[in-house]
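The chain below stands alone and is given in structure tokens; this is the form predicted on its own.
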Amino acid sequence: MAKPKVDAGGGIPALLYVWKKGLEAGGFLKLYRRLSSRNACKTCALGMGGQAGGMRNEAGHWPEVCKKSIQAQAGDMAGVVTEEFLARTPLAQLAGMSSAECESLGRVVFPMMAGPADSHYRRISWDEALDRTGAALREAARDGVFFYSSGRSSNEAAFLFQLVARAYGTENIHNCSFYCHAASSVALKEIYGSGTASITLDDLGQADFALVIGANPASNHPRLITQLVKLRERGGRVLVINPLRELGLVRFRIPSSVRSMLFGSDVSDLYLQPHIGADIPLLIALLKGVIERGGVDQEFVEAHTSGWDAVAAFARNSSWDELIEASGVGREEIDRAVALITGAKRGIVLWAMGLTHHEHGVENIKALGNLCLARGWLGREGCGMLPIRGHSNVQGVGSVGVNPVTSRAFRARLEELYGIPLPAGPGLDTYASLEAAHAGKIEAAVLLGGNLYGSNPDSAWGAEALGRIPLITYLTTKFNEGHFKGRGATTLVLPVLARDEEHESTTQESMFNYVRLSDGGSAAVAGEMRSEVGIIAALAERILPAGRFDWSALGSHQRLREEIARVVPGYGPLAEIGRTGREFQIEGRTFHSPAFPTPDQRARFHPVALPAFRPAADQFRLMTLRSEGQFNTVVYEEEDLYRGMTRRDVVMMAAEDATRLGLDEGDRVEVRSEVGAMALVVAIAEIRPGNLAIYYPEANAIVPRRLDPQSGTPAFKSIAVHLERIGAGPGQRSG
């Protein structure tokens, strides 16, 4: 079995890593100064920095920093891509680079392009880059263009981005959340009328129970582990549900706590390992147990919810044997979990892509919501639901309109203020845009950050789709695989400033619906990088009629904040944030009283059926996942410290399955789905037997293009695959 080099997450290895990254970034003090600047964190949406000062969360606690923050900051400070490198490195060679190799190339510091006949990227001027993009957009049919943004951008740039796109005439405006938390937004709107978290950071400090399901915050949101440990230290309980036993969710050494560093901290009280894609039967089993134990908050259910009777009847009538068989979790463990749930007064449920990346992703969250509502854990302090957002402003980008479907109130304001007519229907979302591109219906695309290629299921298909677009313009800080494997016929790469390099302040929204103010600063490296707002405004001047907007005004971040305050519900205080520095909680999204923005002001239960996902007897269930040395599609380190992996071309499987198939650690196998196959190395892990795990984004090569029909989110998990030893004879297959 692959053995981690550490006995807990965090600790001394994390501190040594900080020192190492400091050396790579030109010195620890240099790195520390940038981390401690008054700018929101560049990585997850938990919330850090802003006007409270660097390395502080919304509550002002210091120090709040993690390996992800350090990786992103150090990456922006180490090295640049030179003209000499581009001249000696053909595109064919660049296309063979891994995500980690792309990240190691350094910052993009001047505009470049590669045309249909080019074998290399070549440097071009800003005027040429903007003129080429503008010409392609002017000549294209408006429904043959899409605009895409990652969660890295600021609210100011994202608002201007969607405003220009809509004034240009397209609704094909979308962001990376359609490939991660769109299922959460859809489900939460149906549960309590708002598509974001129902809690604030303070609520985590008042809860006495947390259910962490389908998430690995120890690797992806390390600062959240501090909150879970504090919860346990004050007598609370933590239940973790994950098919793979993650070291950092069992034990963690928190660098900011001397006691935790010396002795370690237990993170979870109970750890359940269901089958991949079997969260619904487990959640129904937990609800059934709560009902049978008399743990339903009847007063809350009767006074503040609707739809309970049908949900309760389904749970009561469900067979224990069927739920246990479908989930893979035994009755004794379920009973222990029910005891924790019913013994708590104030509970919070937290989840990430382990719940959303399924064809039944929305249904997963509805099932979780049913359990939460049955216990009365909504509309009170210390209670509620928290989707763990993975990018620092992905929620804000959606709030300010980077979305193919916006509210009628939002669109009415755009029509009133800017003369942009209400659309006849929604635009194309992320996957629909790629489908249109594959069909040859997209003529141009503008991508504000991110790695759209690396985020797609069926990566060969994704590369074909992007390759059929006549012109793609990328705005980015660094190279990623998408710039080489996701090129259009003509591809432009434009260098942008990171948020802590902007000449004017910017704002970001945390996963707790809290808006932060970032000061900006100076560029970490020398080059021709420009502000995202400046680039978008310059492009707008080339594609919109003269006089359409006052670009001298809308190029100002302060003026953009004033416009956002006029358009976006709950964002009124944004107009003054640049002058006062007063960060704020968005009104109407978090609930400390049981009155919800639904037609009847009640939260809603939803009947949820058992999922149709049922692999054949000769198949495994596969999920894709990220490593501890990774952020989204960006791989910083090949080693996965907490899982004991030193390489990424591995398939994690249970020792029981390996023994049954006559496999040993290090054996080479082929994992095959309906769309492709991968040659991988066996790594024994603590995963539920019958289940496998492979690193993302590499695993996209075998991820089928199947979507959750309600949210459009691809099913990067719950994939049915065969496994076979390479060179195996008869009888040595997985089935």
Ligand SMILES: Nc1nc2c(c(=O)[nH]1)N[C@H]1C(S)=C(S)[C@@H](COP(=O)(O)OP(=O)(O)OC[C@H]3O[C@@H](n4cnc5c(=O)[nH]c(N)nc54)[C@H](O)[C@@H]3O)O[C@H]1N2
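Start at 1 and count along the sequence shown; that's the residue number. Here the structure is a predicted model, which means the values were calculated and not measured.
Just so it is clear, the following notes concern the form predicted together with the named molecule, a form of the same protein that is not shown.
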query	finding
The single option of 625, 533, 137, 515 touching the named molecule in the model of the complex, heavy atom within 4.5 Å	625
The named molecule: the contacting residue among 571, 591, 179, 620 in the model of the complex [heavy atom, 4.5 Å]	179
Site check 220, 631 and 717: each within 4.5 Å of the named molecule in the model of the complex by heavy atom	yes
Contact flag, residue 246 vs the named molecule in the model of the complex, heavy atom cut 4.5 Å	yes
4.5 Å heavy atom contact, residue 183 and the named molecule in the model of the complex	no
Close approach of residue 57 to the named molecule in the model of the complex, 4.5 Å, heavy atom	no
4.5 Å heavy atom contact, residue 505 to the named molecule in the model of the complex	no
Partner-facing stretch of 404-412, 600-608, 305-313, 273-281, counted where any non-hydrogen atom is within 4.5 angstroms of the named molecule in the model of the complex	273-281
Residues within stretch 494-529 having a non-hydrogen atom within 4.5 Å of the named molecule in the model of the complex	496, 498
